[in-house]
Structures are given as C-alpha cells and as structure tokens.
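Shown below, as structure tokens, is a lone chain in the form predicted on its own; questions about how it binds or moves come after it.
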C-alpha cells in the first residue's frame, strides 16, 4: 500500500493512495526572521517570506537577578536559529552540523517552545552530521521535551533549511538519517519539497499497539474505550504511531469541530494500549474524496497540521472503505 500527500502553504493538503506511488509530502514552507533578546520578541519587517533565510540570535533573560540563563552559558550566549512552518506546524531549526550532540537539551527545548515565555514552536529540529553514510541526520525535540522518531512537516522544513544553509539551487535530493530510518527529501525546481515517507506499517504489534489484530495482523475498526466511551479506531505507523478514529462506535459521522481536543487528546495519547504513546487523528468524512482531520500529536498536543498524520488518515480511510484511493484531507 502506498500514499501520496501534497500540501500547499495555505490551508489545505491533498492526499492520494495508489499502488504505483509512495507517500510523499510536498509543500513550500515558510521561514520567519525573528530577533529575540532579553525576553523581547520582534519581527523583522524586511522578512521576504517563505523563500527567505536569515540567521538570528537568541538570548534568554536570567530567571533571577545575577543568574545566567541556559543559553548565556553556551559559547557567546546566543543560539542561532531560523523559524519555519508547514501549514502552521512550526519548528525552530538549528544548524548543528558541527556536532553529533544537540546544542540544547530537551529541557531547554521545552523553554524555547513555550509560546508565552520562549520563541514558541511545536518542536526544535537539529540539522546534524550524517550517520551510516547519509548526508545528514535529523533529530527533533517535541515541545514537551520528548523525541519522536519522525515528523513529516518537520522533515520538509529540515530540507528547506539545508537548501538554504548549503545554498542549493534548483532540483536537489539528499539522504537523511532519522529515528524512523532513511528519508530522502527532494527539493523541486519550484522550491517545493517532496519526501518519500516509505511504506505504512500496519501490523498492530509494530505500530505499536496492544489492541488485538482483527484484520490479518492489523487493528482496523477496533473498539477502544476512552473515558467511558467506545471509539472505533484503526492503528497505523508512518515511522511513528498513529491512532485514527472516524468516531465513536455506532456514530454515523463525527463532527470534528465539536471535539474537545485538549480534553480527549491526552487520554488517547497516554492510553495503556499504546506502549509508546500515540498521535491521534479525529476525522470527519465529507465525501469519499474529502476528509477533515484534527490532530493531537504525541509530545506536542494540538497542532495545526501533521504530515505523517495526513498519510495515516488516508491509509486508515482506505482500510475502512470510507474513501477512494485519491482523497483531499
């Protein structure tokens, strides 16, 4: 089974599933030039938008008088970073090519991702030296400090970041080592990024989930009791675990805008049937070619988009015979 996801920089993403292509994420991502100094955040008015790249400096104010902050204790006291987003799924990108150790710790990443007292982001991504013959290694710390295996929107932003760092022009591809294995992003002539996400993992034990397999070795339309209600779920791994639900058992069509995501999302994420926690997609079916998704991401909470989640939704929709093999999500 294979899937292709194409997302624009505006508000929508398209997904298709066919036997001749593999899942791809293709989109322009936007960078933002920010100057963050002594807890004052300003946007550079000269920012040229999605094709721009500028290195900026960050210095965090001391928490107490006379006490050095965590970034003040590093090198010159500044962390150079660029802010990118794909469909609003935003990341702090750090050039870490000179070291195999991230320049900030998971605890420091939590502070940077704070939207009130830090830079604000869904995660911090590090561009690191290649591993096992690859050109680069990508590591990411979520906004809660955890480290996921993979991030679809994140790897697209990573590819644009590398293109700017290396001053790549025109069409290029390179190999990236991730926790989910080898990823090969392709920079297109128009600046979009195409990413082969590999084959979906459907075997329940490998997702992983403790839900019993009910369709060959997969968990498809399985019953899952969450907070006293029984939901129908399908479990898919896109290098990271996903639980996709189209509603409660017996529900005709879920209205995703009525979901209290901040309340129900953590209960799915930390359910004991998911030993590695899980991303959760709540999906509304408008037609067999049009799906609407809201996502609660493992380690990041509610986000505006999720690349691996969009792929997982299309896979689950086809497995449940809810959509055609070409869909818009």
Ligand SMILES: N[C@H](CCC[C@H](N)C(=O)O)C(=O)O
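Numbering follows the first chain given and starts at 1. Since the model is a prediction, treat every value here as computed from it, not as a measurement.
Only in words, not in the display: the form predicted in complex with the named molecule, which the text now covers.
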Work out which of the listed stretches, 149 to 157, 163 to 171, 253 to 261, 186 to 194, brings a heavy atom within 4.5 angstroms of the named molecule in the model of the complex. 149 to 157
When the contact criterion is heavy atoms within 4.5 Å, does residue 240 count as touching the named molecule in the model of the complex? yes
Give a yes/no on whether residue 91 approaches the named molecule to within 4.5 Å in the model of the complex, heavy atoms considered. yes
Is residue 142 close to the named molecule in the model of the complex, meaning a heavy atom pair under 4.5 Å apart or at it? yes
Taking the named molecule as it sits in the model of the complex, is residue 313 in contact with it (heavy atom to heavy atom, 4.5 Å or less)? no
